[in-house]
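Here you get one chain, nothing else, as structure tokens; it is the form predicted alone.
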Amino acid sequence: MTIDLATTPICNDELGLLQGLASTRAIRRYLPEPIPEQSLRDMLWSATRAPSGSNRQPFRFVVLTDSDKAIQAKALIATAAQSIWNEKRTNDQYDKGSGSDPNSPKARMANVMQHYVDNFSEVPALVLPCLVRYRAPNPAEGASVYPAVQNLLLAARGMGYGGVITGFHRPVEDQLKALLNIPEEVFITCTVTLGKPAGNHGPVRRRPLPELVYGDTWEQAPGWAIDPPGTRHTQAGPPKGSKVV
């Protein structure tokens, strides 16, 4: 059945915004099924509702599914992803220490990442969020594209899909631009892979709120900065109080 997207309204979000914010995990395992065009339309429409500096809307999205160019682009990034991950797996010693226990969080993360890069070329949809630069590169320019990327992931979550952001495209950016006719001055900010999760969404884990939210004084949390009941935490990331040197 062919759907007339011009007359089809945006899908209803039955999940709820706050629940979506609390459960939009990085999804790296996907079922081998395509994302319908209507779903892609709704996700990308939501992404383009994001704010940007002076409302210039300099974000553009190259969406790759199953065309010949899409297959080539996925393969290019897959090769880069495998190389980057293999080096990181060795350098960060993912298979040593607690990683030698297959049931440890470290080992499980390594297995998920290995599966992800090994199957990158088969992801149902690959999105390249781009920034059309209108001035010299500066540290604040991401503010005009990354909110749109987060909107994309939240919309995917609300529709029962999932995704993750990576920078695996960087070693092959020149080849991608040539393949996809992306102008030289356009900045490919990241990759986003999307698909139906081969597993479940669930509450994300972050550091306790008092470690991340301060009041009038640095590292002094206000009294109201208390996690809701049932919040689960992680110790990932730099140690509390660590300094950049």
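Position 1 is the first residue in the sequence shown; the rest follow in order. Just so you know, these numbers come straight off a predicted model, no measurement behind them.
Missing here is the form predicted in complex with a small molecule; even so, the following discussion is about that form.
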Problem set entry | Proximity to the small molecule in the predicted complex, single hit among Met113, Val132, Leu76, Leu154 (heavy atom within 4.5 Å) | Met113
Problem set entry | Partner-contacting position among Ala198, Leu179, Val213, Ala26 - heavy atom within 4.5 Å of the small molecule in the predicted complex | Ala26
Exercise. Based on heavy atom distances of at most 4.5 Å to the small molecule in the predicted complex, which listed stretch, 199-207, 64-72, 34-42, 48-56, is the contact stretch?
Worked result: 199-207
Exercise. At the 4.5 Å heavy atom threshold, is Asn119 in contact with the small molecule in the predicted complex?
Worked result: no
Exercise. With a 4.5 Å heavy atom cut-off, would you call Val164 a contact of the small molecule in the predicted complex?
Worked result: yes
